[in-house]
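First, one chain by itself in C-alpha cells, the form predicted alone.
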Amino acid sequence: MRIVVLAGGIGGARFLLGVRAYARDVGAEVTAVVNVGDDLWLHGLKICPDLDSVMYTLGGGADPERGWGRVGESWTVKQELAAYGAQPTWFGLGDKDIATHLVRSTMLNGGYPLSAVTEALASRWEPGVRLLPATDDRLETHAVVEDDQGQRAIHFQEWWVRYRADIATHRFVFVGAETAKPAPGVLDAIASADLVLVAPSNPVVSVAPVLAVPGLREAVVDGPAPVVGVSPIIGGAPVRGMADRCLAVLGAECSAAGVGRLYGGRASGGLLDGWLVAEEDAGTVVPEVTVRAVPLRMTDEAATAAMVRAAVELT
C-alpha cells in the first residue's frame, strides 16, 4: 500500500506520526508532500518551517511543549543578533535550528534543489517516510493587509509571527505559484498512490499552497487514489494555531462543515471523497463527500494511528 499525505505545520507533522505508525503495522509506504509557502530567507539563511517541523517531529528532535523548533534549544545567536539591532527582531532562530539552515543554505547556494537538500537533511533524522517539498521553486504565501501605511503585501511569517494575524487582511496570495513546478517525485507518488490523505493542517495557508503548484491539484483530483481529509476544526474551533482567522479572510465558516465545503467534493471538481470529523461534529454534511465522525484528538501516536485507520476504512 502506498499513502501520500498533503501536509504542513505542526498539525501535519503530528498527524504523520500516526500515519507512520499505521504504515509500519500494515507494511505501507508513505510520502509526505509538504508545504513550502511559509519558507523565507532570513539573515542569509533559507528557513523551511514546515519541512523542518515534519523532519524534527518524525526524527524525535522537536520541542514537545512549543510544538515547533528543537528540543533543548538555546538562543545565543538570537540574543547576539538583537544586540546588533539586526532586523527582523520578530522572528527568532534557535542555535540548533540555525545549524540546519546553514547546511540547507550552503547546499542551495551550491546549486542543489530543495528536494535533494531535504533528502540529505532527512538522512540524519531518519523520519521513516519520504519527505518531498511541494516544489523546488520559489512559492511564498503573502498576506495583503491594510494599516496606517495603506494596503500592502507582507510575508505570511510576518503576518503570523509579528502581527499574530491581528491586522486587517484582504486576501492571501501564493507568490511564484504560477511558474512553479511540482518537485521531482511528487507527481509520480500521487499517480502510484493507493490513498491520498489531507492532514489536519491549516486549509488556507498549509494545504492550499501545496495545491497551488500547477499540476499538483489536478494530479490528486484526477488520480486513481481516493482522497480523504481530516478536519483541523473540532467543535467550531481550530485544534491549534489561527486557522479561524485564515478562514475568516476567505469568508469561510470555521467549522468541520465549512472546511469540508472549502475543499469540496471530488465528484464536482473538488478534492475530497471522504472527510473525517470529530465526534463533537457528528452530523456534519458536505455535499458529495462521505463523512464519518471519529475521535480526532492527536493525544498520542496510537490515537493518531487510529485516525489513519478510520480514514483507510472510509475508502
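Just count from 1 along the sequence shown to find any residue number. Note that this is a predicted model, so its numbers are computed, not measured.
Missing here is the form predicted together with guanosine-5'-diphosphate; even so, the following discussion is about that form.
Contact check for residue 127: no non-hydrogen atom falls within 4.5 Å of guanosine-5'-diphosphate in the predicted bound form. In the predicted bound form, at least one heavy atom of residue 243 sits within 4.5 Å of a heavy atom of guanosine-5'-diphosphate.
guanosine-5'-diphosphate is not drawn, but in the predicted bound form it has a heavy atom within 4.5 Å of residue 38. Under a 4.5 angstroms non-hydrogen atom cutoff, guanosine-5'-diphosphate in the predicted bound form has residue 239 among its neighbouring residues. In summary, among the residues 122, 153, 98, 234, the only one with a non-hydrogen atom within 4.5 Å of guanosine-5'-diphosphate in the predicted bound form is 234. Contact annotation: guanosine-5'-diphosphate lies within 4.5 Å of heavy atoms from the stretch 195-203 in the predicted bound form, the single such stretch among 72-80, 168-176, 104-112, 195-203. For the stretch 1-31, the set of residues having any non-hydrogen atom within 4.5 angstroms of guanosine-5'-diphosphate in the predicted bound form comprises 8, 9, 10, 11, 12, in sequence order.
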